[in-house]
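In structure tokens, the next block holds one chain alone, the form predicted alone.
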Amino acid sequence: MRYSPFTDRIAGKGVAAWDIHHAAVVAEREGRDVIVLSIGDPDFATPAAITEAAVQALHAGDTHYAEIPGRPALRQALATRYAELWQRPMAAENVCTAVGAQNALFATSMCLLQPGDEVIVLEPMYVTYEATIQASGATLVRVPCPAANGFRLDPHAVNAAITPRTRAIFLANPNNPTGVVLDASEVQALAELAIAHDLWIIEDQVYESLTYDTAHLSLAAVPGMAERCVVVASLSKSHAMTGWRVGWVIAEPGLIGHIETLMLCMTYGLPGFLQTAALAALDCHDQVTTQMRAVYRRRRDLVIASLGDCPHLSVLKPDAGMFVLVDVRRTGLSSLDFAWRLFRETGVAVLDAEAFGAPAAGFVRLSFTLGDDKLTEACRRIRGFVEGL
């Protein structure tokens, strides 16, 4: 039988990065002594009020088709929130809900890009961005944010990468895996480049509510960016709702219309009871995210304190998110070998961060989504592994 080359085109190192995580999940299911720090999935339940809203909607019979771009009430609630954050007008027509942020990013890519386009991506980048962009036929142009510079972007390097074929700049702010949050000068520099060269900016803001020491500034809030900035976000991380698959796109209405057409053929919209849960989540947004930040900050600090003085390791303190990058270059192992040996010898699963881009070679990504006791035990095993090399 013959198959389409589409999935071959979007496969690659980023997809293969999950092999160690899948092995850890299988081992955990078999009852083996493993600690899974290879994925950003919170260990606590979705807040009860959100779950109850969905349950009540189901009991009320909300199991039928819903509006493809989202129900008016949810779209308006999201528009109102972003209007307040960005201090500019926003309407329900600027919003399209989606089955998860990844689906929203994919739809955005397919509606904006075409073969021959070039898209600048800032590395390290989330592992599925490569596939998301290449699915459209566009070409990635990688601009490294070096480890030596704290993984921060260099606007001059971005400018140098722009060509007549450049269509968009694609980035996560806050970044996964580094936890870097763009500062005001970086946001302004990117906005000026986008305006000067008539580019789209696709900004993944999934971790926007989980910033610790640095305020989040969106490119969409910069004057002149309303028509060219696409923001993708979700409730997965901010409300411990990874399995609910509730995401959205904020963009100018013309693009929203194209995304709606694509969603018609892909998912036919977000189920109604999930939209009811999303409304409940937005109603308690500040309360929930404040609590989440406090928990994750404590866990982040626990990991840093536990591994900060470990011989041959250096720990990067993140400004946001739920991951820590650990520099393992002084162990003499590649980051891939380190991750696999750590898992096989101690049962602790982390990700080889080089899968996120060449600048992260020699680093592993460790999530702090488990409770204090498990994190403490994981760090103890990591120290023992490194000291025994």
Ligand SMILES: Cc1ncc(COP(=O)(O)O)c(C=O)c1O
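Numbering starts at 1 and runs along the sequence shown. On a predicted model such as this, the values are computed, not experimentally measured, just so you know.
Separately, the form predicted in complex with the ligand exists; it is not shown, and the next lines address it.
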Within 4.5 Å of the ligand in the predicted complex by heavy atoms, the stretch out of 75-83, 110-118, 138-146, 235-243 is 235-243
Is V181 close enough to touch the ligand in the predicted complex, meaning at least one heavy atom pair within 4.5 Å?
no
Closest heavy atom of G100 to the ligand in the predicted complex, within 4.5 Å or not?
yes
Considering only heavy atoms, tell me if Q275 and the ligand come within 4.5 Å of each other in the predicted complex.
no
Test of understanding: in the predicted complex, would Y126 fall inside 4.5 Å of the ligand by heavy atoms?
yes
The listed residue (A281, L270, M263, L105) that reaches within 4.5 Å of the ligand in the predicted complex by any heavy atom is L105
Here the chain is shown alone; which of V303, A172, V230, I169 has a heavy atom within 4.5 Å of the ligand in the predicted complex?
A172
Near the ligand in the predicted complex, with a heavy atom at 4.5 Å or closer, the residues from 289-310 are none
